[in-house]
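Here we start with a single chain on its own, the form predicted on its own, put down as structure tokens.
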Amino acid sequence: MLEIDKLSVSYGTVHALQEVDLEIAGEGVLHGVIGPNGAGKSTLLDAVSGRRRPTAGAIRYRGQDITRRSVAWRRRRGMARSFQRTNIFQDLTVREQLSLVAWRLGDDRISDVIEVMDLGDYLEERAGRIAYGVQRRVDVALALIGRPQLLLLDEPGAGLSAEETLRLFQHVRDLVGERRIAAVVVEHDVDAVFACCGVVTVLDLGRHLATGVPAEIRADQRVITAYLGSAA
């Protein structure tokens, strides 16, 4: 689904990513990305989604080089992104904003998104008045409209309790499996990542440190030294 080859991103003299190689499979895989603050996790999603131009390297999506393609081009071809902060209209009802995005993308099949994200009881509520955990689910639902093949989630658990984060991850994991799509999720809650992600990648200081199944990552001494020892 996604191939990242020697990807580097710099902000002036600061190297946010340095020659990162990574492959993201399709077919129902939830792929977690973890690492210390400043590891380059959000920058990775920015580059993949087209919001940050790489300094060097290449990004291939379904075999096609998209390194220089725009955000809109990527969205139209099945790549969607959510952000650390909720990206919703506070004064619109949940139904209104889901319908607005569906109209914009020409997707009239939003009932299953509503069901899988458990939003049926909130459709007539204004988004600014619902609980923050539900707002996060709305944010993910907006990214799911248009039936993306690759979903990029940037800290969907930000501001949520551990229990709420785990519940949200379970929703996403189930959806990814049912739709047979690929999803990449950046998250600080390593327990939720290890519980729900089939593959985990660790970044450290802008470099790729390790990729494997959760059990392998938990046991990797490099990861324990760089991150898990302080995150435990």
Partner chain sequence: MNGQAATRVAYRRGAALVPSARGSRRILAGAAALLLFTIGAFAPQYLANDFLLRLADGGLLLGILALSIAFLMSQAGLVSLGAASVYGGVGYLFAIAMSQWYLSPLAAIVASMVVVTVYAAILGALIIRTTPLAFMMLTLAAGEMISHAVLLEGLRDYTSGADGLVVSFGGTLFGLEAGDFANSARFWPIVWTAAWAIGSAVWAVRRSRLGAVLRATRQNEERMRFSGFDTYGPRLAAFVLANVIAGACGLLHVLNSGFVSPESLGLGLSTNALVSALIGGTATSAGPLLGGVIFAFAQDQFGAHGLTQLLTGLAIVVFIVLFPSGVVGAWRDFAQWIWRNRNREAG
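Superpose the two forms; the largest set of C-alphas matching within 1.5 Å is the rigid core. Residue numbers count along the first chain shown, from 1. Owing to the predicted nature of the structure, the values given are computational and were not obtained by experimental measurement.
There is another form of the same protein, the form predicted in complex with the partner chain; it is not shown, and what comes next is about it.
For R207, no non-hydrogen atom is located within 4.5 Å of the partner chain in the model of the complex, even though that partner is not displayed.
Using a 4.5 Å cutoff between non-hydrogen atoms, L150 does not count as a contact of the partner chain in the model of the complex. Contact annotation: R60 falls outside 4.5 Å of the partner chain in the model of the complex, judged by heavy atom distances. Using a 4.5 Å cut-off to the partner chain in the model of the complex, each of R76, R104 and D139 places a heavy atom inside that distance. Comment: 46 to 54 is the region of 24 to 32, 171 to 179, 46 to 54, 60 to 68 lying near the partner chain in the model of the complex, near meaning a non-hydrogen atom within 4.5 Å. In the core-superposed comparison between this form and the one not shown, A127 has its Cα shifted by at least 2 Å.
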